[in-house]
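Just one chain is shown here, as structure tokens, and it is the form predicted alone.
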């Protein structure tokens, strides 16, 4: 990756991954540790980003919130990718009624905006990390499936696929040894953009009280709690907002870099 933005994206994501993996050692305090005598305190040497309404360390809660956001994003994108690849390859390779059924179902899902769909489903479920993953996976697989279907339609008539069919290769081997490796590039790019989208929607759901429980150190929850005190302690919302912006920006920059690197003209 030669572009400056892609390098910035890699740095941002690397820092976030390190923060998520080593949160117990990096965070200066426990994210649930109360210090009521320091409520709404500003930045200090002991608390670099200040304290929230309950005196909890904002920096520590942001660091632990990285685990929630990246964890949910990784699980949702992984589930969506696996389901989308299987369904997309099956529909694109088989064609006929199976492809028509898939096209109809995907069109129905895409008729609903992703965030509104997530809000509508979350309203009937209790706030929890597992429920957020399920909600975002219900619709997340569609974009991967449509991408893979399109790639399959373009690849399935190429010589090496025809030769594989002629030699009697079984479908699982044909799919994952010959079809899938030739569409990894677009899938990886889509996964990077997908991570940014999932983290954004998760934060929005948590901000509305429909995502993770309020006791969980989540950036969306922190934003929600901070909006009540914007006039007296704006830092309660500013710092988690910056964290959300950075992670979304990082994955978008990475996706742009991957797209440029894997484009046929650059090979």
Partner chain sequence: MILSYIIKRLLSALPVLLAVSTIVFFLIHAIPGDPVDLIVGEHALAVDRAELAHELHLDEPVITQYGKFLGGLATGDWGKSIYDRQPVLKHIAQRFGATFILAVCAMFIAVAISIPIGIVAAVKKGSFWDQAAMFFALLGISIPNFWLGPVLILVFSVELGILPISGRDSLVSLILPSITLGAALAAMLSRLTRSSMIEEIKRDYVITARAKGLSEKSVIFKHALRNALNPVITIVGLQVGALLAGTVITEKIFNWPGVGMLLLDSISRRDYPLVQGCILVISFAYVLVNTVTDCMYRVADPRVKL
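Since we're looking at a predicted model, the values are computed, not measured. Positions refer to the first chain, counted from 1.
The same protein also has a form predicted together with its partner chain, omitted here; what follows describes it.
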item	value
In the predicted complex, the residue from 154, 171, 83, 119 that sits within 4.5 Å of its partner chain by heavy atoms	119
Single option in 63, 223, 41, 70 placed near its partner chain in the predicted complex, where near means a heavy atom within 4.5 Å	223
Three-residue site 108, 112 and 124 fully in contact with its partner chain in the predicted complex at 4.5 Å by heavy atom	yes
Close approach of residue 11 to its partner chain in the predicted complex, 4.5 Å, heavy atom	no
In the predicted complex, residue 97 touching its partner chain (heavy atom, 4.5 Å)	no
Partner proximity in the predicted complex: residue 241 to its partner chain, non-hydrogen atom cutoff 4.5 Å	yes
Close approach of residue 59 to its partner chain in the predicted complex, 4.5 Å, heavy atom	no
Listed range touching its partner chain, judged in the predicted complex by heavy atoms within 4.5 Å, from 175 to 183, 142 to 150, 99 to 107, 73 to 81	99 to 107
Heavy atom contacts to its partner chain in the predicted complex at 4.5 Å, residues of 229 to 248 in sequence order	230, 231, 234, 237, 238, 241, 242, 244, 245, 248
